[in-house]
Every structure is written in structure tokens, then in C-alpha cells.
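The chain below stands alone, shown as C-alpha cells; this is the form predicted alone.
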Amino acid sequence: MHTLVVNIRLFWQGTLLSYIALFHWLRPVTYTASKILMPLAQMMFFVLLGTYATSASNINFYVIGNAVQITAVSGIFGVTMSIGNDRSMGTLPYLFGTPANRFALFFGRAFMHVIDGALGVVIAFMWGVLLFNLDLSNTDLSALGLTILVTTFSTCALGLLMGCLSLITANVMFINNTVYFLLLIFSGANVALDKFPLWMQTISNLLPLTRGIAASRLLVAGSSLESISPLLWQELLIGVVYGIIGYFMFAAFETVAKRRGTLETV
């Protein structure tokens, strides 16, 4: 029981401190503006471009797709940097030098970003309602909230995996940007999946966000939680798989880096 309490405290402290360290250099007004204006900028660009290229009747497709996809900002960039900054800032040797539970240390890095990413999606949906007349009157809002949380979790799990890559490469921002923009394409946020060739559909089915976006569109159209639950379970499973792969990569990096003496190599 004592060990469990210690690990929970470690998880929570690591969650708060890593999140604060990532954003402490921002003034509150700057942070708030980024959370409000970033979703607006992305949605304005893709919604207006998409409806101009196709039809104004497709506006909900682009609004919902980009609203949910906003979670990748926290999931990919936020989580990755929470792990990668331990190396770039020189704190990684101290982290690996502790006897602390590695599971709590690793997954604690993502917890606040799940909340932060979900908040970003909610703000994006608010912009959709205010600016693009998104109608949520037939939507089960509790089911939509659950969908947002599950999708954010799976995206942050991919971020944990990307964070492990940041421990072995100096080009992490290039990788992050590439993955972020690939998710814009392959997740179905702006292009219907049935328009893709088979090989692209296969990739889409292996990524987070794809099923979360599809489930969100169905919910806004009036579907029930029961009807979209298979999509949510699959989205959750994808997140768990990415998280487990990331955790074992994290453990493997620690073992190799200690053996080679490369913990401080940037």
C-alpha cells in the first residue's frame, strides 16, 4: 500500500512539474491566447479552404475534423517535449539516476497534456458553434466529451512514443512537424478516408485520431454512444499499444545510454 501511495505521488508530482517546466516561460496571457487563437487559425484555414474547394454543405465535415485534430498540438508537441527536454536541459541523468518507478515517471509526462489537449478540442468546438454555426442540438454531449478524452489519450500515447525518439535524435522538431501534418492528412480530418487509395487507408487505420474524428462526426449527426462505442474501443486500444511501445523504448534507451555513457549526449 505504501509503495502504491509513493508511486501515485510520484506520478502526480512528475505530471505537474513537467507541465509547469514546459510552459513556465510563457506569460499567462500568451498561453491563453495560444490556446484560443491556435484552434481558430487552423479551423479558419481548413474550413474555408475545404468548403471553397468542395461545397458549403460540407462545412460540418471540416469543422469537426479540425476541431478534434487540434488535440495533436498537445499530444505530439507537448508530450514529446516533456520527455525530450529532460535530455536537452541536462536533467536526464538525474532522472535515470533515481530509483523511482519508471512507469509512473513515463506516463506521468502525458497526463496533463491529455487534459490540455481535450481543452483545446472543446475550445475548437466552441469556435465551430460561434463562427460556423455547428449544430450540436442532436449531439449526446457526454458521449462527445468521452470521445474527446479517448482520442486525446491515444494521440498523447503517440506523443510518448515520439518523445522516446527525441532521446535518440537531435531532429525532434522536424519529426514532430512531419507527424503532425501527416495526421492532418491521414486522420481524415480534411479528406474523406474513402477518397484515399488502399495503402493510405491502411495507414490511417493504424493511427490515433482517425476513429475519434469519425466517432465525433457520427455523434454530431445524432448517433448514440452505443453505436460509436466500437470506434472508441479501437481508438483506446491504439493508444494503449502506442503507449506500451513507447514505454519499452524508454526503458531500452535508459539501458543502452547507461551502458554507453551517452545520457548527456545532445
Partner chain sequence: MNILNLFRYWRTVLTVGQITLTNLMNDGFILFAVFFQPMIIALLALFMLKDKGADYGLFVVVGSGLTGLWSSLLFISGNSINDERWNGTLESLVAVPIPFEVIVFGKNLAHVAQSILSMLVAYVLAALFFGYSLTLSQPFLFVISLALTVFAFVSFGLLIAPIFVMYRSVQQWQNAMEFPVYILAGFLFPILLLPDWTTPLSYILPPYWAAVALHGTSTTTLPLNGILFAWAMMILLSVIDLVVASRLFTYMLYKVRVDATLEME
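Numbering follows the first chain given and starts at 1. Please read all numbers here as calculations on a predicted model, not as lab measurements.
Separately, the form predicted together with its partner chain exists; it is not shown, and the next lines address it.
- With the partner omitted from this view, the residue of L207, M38, V241, I59 that lies near its partner chain in the model of the complex is M38 [heavy atom within 4.5 Å].
- Screening S142, N177, N138, N133 for any heavy atom within 4.5 Å of its partner chain in the model of the complex leaves a single hit, N177.
- Here the chain stands alone, but in the model of the complex its contact with its partner chain, taken as any heavy atom within 4.5 Å, falls in 180-188 among 142-150, 155-163, 122-130, 180-188.
- Taking the partner from the other structure, its partner chain in the model of the complex has no heavy atom within 4.5 Å of any heavy atom of S223.
- The closest heavy atom approach of L236 to its partner chain in the model of the complex falls outside 4.5 Å.
- Within 4.5 Å of any heavy atom of its partner chain in the model of the complex lies no heavy atom of I203.
- A residue is said to contact a partner when one of its heavy atoms sits within 4.5 Å of a partner heavy atom; T32 meets this definition for its partner chain in the model of the complex.
- Residues of 43-69 placing a heavy atom within 4.5 Å of its partner chain in the model of the complex, in sequence order: M44, F45, F46, L48, L49, G50, Y52, A53, Y62.
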